[in-house]
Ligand SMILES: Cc1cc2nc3c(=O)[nH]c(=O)nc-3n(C[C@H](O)[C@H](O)[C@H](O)COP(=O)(O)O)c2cc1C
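Have a look below at one chain only, the form predicted on its own, in structure tokens format.
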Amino acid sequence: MAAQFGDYQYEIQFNALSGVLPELPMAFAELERRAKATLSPSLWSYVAGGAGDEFTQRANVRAFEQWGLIPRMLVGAAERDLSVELFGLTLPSPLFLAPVGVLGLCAQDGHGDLATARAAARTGVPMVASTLTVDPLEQVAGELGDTPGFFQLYPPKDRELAASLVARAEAAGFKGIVVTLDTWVLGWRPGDLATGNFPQLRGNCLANYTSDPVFRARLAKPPQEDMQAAVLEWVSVFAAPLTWADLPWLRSLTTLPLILKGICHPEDVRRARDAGVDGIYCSNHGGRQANGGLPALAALPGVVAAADGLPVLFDSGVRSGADLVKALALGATAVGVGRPYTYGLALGGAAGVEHVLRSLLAEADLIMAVDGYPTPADLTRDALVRLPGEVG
């Protein structure tokens, strides 16, 4: 029998026979608790916090509790195939690493983007690399090995700079451009405000700008000589409030798959599809940007229906393999995880990220085995029943 993701539990159990127990937490709650003790208070606030009173962030997580998977017996799911097709790529699973803007700072060596890319290389789980990295995108791409990477773009106000960043991502070997639509202005985040925390204003995670020839041409002095001026220039150019009229320009920047992140309304999906985008990314930024909204999972079925066959990526609130399975059953083509792997990074670097990814995939694989769903294609809306209860 071919190796399955669920075999990770046997690896752990056999190591235990030799007295070797897992150094990293097996459950999300413990992972979160230990990461909080490891990260500085300001960095913890940035990574773990949400907008407003964090209602939407909590709702994202609790939305998964409203759905139950219906077991199907006598299926003979002794072997599962979790692979999926995405933008012409065959991926070993539907899991991917969602972009996290301060990832580099979360590793103990200060190079978390590189460590995450190494974990992606080891697991085959694609990484969506943020624009806001400690190390330039070329170095991040160089650590991915044969695992596909995607580049997340905050479209700057300077179109020449946007074109330069996209061209660099293409040249570095990234397989698609993920355009984030909901962060042209920062959301109201009391936790960050209370700690005076805005890492980029301190010059952190700006390597893709300070290494870019177009951005550097905007500066009177090289960044290493006047970082404060570089930061102020970054503030002035960071993100443009895009409109539908900007989509043809975005589409013209690249022949790579273009994916729009932050879309939750079916009409927006239809307009994006008609404009020639290649994929829709249903997300509410994990509840980090706007409070009071619906959980992203509640929007997912409508987004999938309106996408009419376009791939739909999803994140927001994913904490377990069970969540991964439920998002697939609601129509997601691929499912992103954010905070859990960031916590793993804080605790164990690349090995910590790898542990979190293997744990998520093992749980999802074993659920599919026990409940009789051998492939992601078998996970349809009919596999779920809505449970009583309220979100929030």
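The first residue of the sequence shown is number 1, and the count goes up from there. All of these numbers come straight from a predicted model, not from anything done at the bench.
The following text describes the form predicted together with this ligand, which does not appear among the structures shown.
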This ligand: the contacting residue among Pro99, Pro155, Gly104, Gly149 in the predicted complex [heavy atom, 4.5 Å]: Pro99
Under a 4.5 angstroms heavy atom criterion, identify the one residue in Ser93, Thr123, Ser130, Asn291 near this ligand in the predicted complex. Ser130
Test of understanding: in the predicted complex, would Gly317 fall inside 4.5 Å of this ligand by heavy atoms? yes
Even though this ligand is not shown here, does Gly286 get within 4.5 Å of it in the predicted complex, heavy atoms only? yes
Hey, in the predicted complex, does Trp67 get a heavy atom within 4.5 angstroms of this ligand? no
Applying a 4.5 Å heavy atom distance criterion, does Thr180 contact this ligand in the predicted complex? yes
So which of 344-352, 40-48, 325-333, 359-367 is the stretch with heavy atoms within 4.5 Å of this ligand in the predicted complex? 40-48
If you apply a 4.5 angstroms heavy atom cut-off, which residues in 321-342 are near this ligand in the predicted complex? Val337, Gly338, Arg339, Pro340
